[in-house]
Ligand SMILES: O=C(O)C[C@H](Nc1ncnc2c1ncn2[C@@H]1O[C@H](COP(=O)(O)O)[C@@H](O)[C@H]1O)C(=O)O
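So this first bit is one chain, no partners, the form predicted alone, shown in structure tokens.
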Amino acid sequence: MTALPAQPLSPLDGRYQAAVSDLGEYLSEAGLNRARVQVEVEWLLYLTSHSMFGSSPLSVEQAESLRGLYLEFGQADIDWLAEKEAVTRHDVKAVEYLVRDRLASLGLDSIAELTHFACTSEDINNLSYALTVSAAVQQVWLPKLQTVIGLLRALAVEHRADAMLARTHGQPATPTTMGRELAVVAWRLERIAEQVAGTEYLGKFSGATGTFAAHVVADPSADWIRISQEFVESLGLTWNPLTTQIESHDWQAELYNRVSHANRVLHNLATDVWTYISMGYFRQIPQAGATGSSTMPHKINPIRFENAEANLELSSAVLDSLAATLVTSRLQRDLTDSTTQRNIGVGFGHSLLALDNLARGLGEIDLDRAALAADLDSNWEILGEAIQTVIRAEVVAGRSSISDPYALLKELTRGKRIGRDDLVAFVEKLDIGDEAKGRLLELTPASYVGLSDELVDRLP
């Protein structure tokens, strides 16, 4: 058998690449290396702009050229780093050598020794991960989540008055509307989205064990704590003053837990919509050229929601693992976080793929109002709750002497199918006031939806 050329192991880089490629701009190895170059360059610019160690501020043109190292970072740089790391066996050191090499070509050899000055690799790495994860969340993942929330909000408004039979424990229960049910999910997701948007991306820049030891030896007069804070905050990050060699990754654990929480709410949405499709509440809109089954031509399978379900599970498995393991590191540092953080993109990738499928799936379904109405009309017994509640109110008001309303309705409805005529006959014989009796006689399963319509307006 002929051997295949090199193939991607992950379907995110193969079959599904088109749906998740935007994440590669940030959460790939190349994206990480570009951010590393950015941090190294900005540290050089900070040192020279403050004339540290006798250096002089660069001209505007020199600074622009230097920033071009990361602003114009491309395939040639990616290849250069791959070749250099094959020799150094150290990714951050390869980045340092890249910057030094480019300084020479820019005629800036005089500041070469300020490259990576007083830095440990983790000073560069933690800031780079904060920059790339922040960008991936804010530019890619969060907008896609908001797209799904927007679709849910639109469907909630469209179907706000479409009554349907609720099911608790899988059994017929007090009716709701399809719009209100979708609004519940949108509300939950909006709240989590706000939490994700408010994430603090922390960074440290304090040397080999977080003590500024090398910094102080190099220049005892400098205010290194202030310098560190200024530099980290200049990158748009929140400064973490107390760390070991590594930034403690607590912000990452918080973020991944929130994204995993969103995943689980989305998973609930996927399984509920799947169930509504199987019940006939939603019709799937045929897509031109699509095939549902290789042997049953009539089928339209709910593959968008099934695909989303599986990818949300995979995403949460990765993100839960990251959140659990990144917050621990032996003594002042071990290297376990190096490998695990390289899978951040995998966790977000499966979530993004799920969001893409949910967005597509929500656009390919149509509510079957006739099916909802038929189901409601087959379950008049669910009005037992309404009747016994009204009787209780009448008893308190002194307009009824019925002793145990709940037991009375339980005897009539529990485990039974009751039709409209049965309930009308029952209500007409009740010992309650005429106004209350009139309300009950007008009630139908389709009208027994409380404030469902109004509640949709509570969406932000």
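In this text, residue numbers run from 1 along the sequence as written. What you are looking at is a predicted structure, and each value in this text was computed from that prediction instead of being measured.
The same protein has a further form, the form predicted in complex with the ligand, not shown here; the description that follows concerns it.
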property	result
Partner-contacting position among Thr177, Thr243, Thr132, Thr120 - heavy atom within 4.5 Å of the ligand in the model of the complex	Thr120
Heavy atom within 4.5 Å of the ligand in the model of the complex - residue from Glu364, Asp375, Asp91, Glu381	Asp91
The ligand contact at Asn125 in the model of the complex, heavy atom, 4.5 Å	yes
Arg342: touches the ligand in the model of the complex, heavy atom cutoff 4.5 angstroms	yes
Exercise: Leu335 in contact with the ligand in the model of the complex, heavy atom 4.5 Å	yes
Touches the ligand in the model of the complex: Glu306 (any heavy atom, 4.5 Å)	no
Among 327-335, 178-186, 314-322, 142-150, the region lying within 4.5 Å of the ligand in the model of the complex by heavy atom distance	327-335
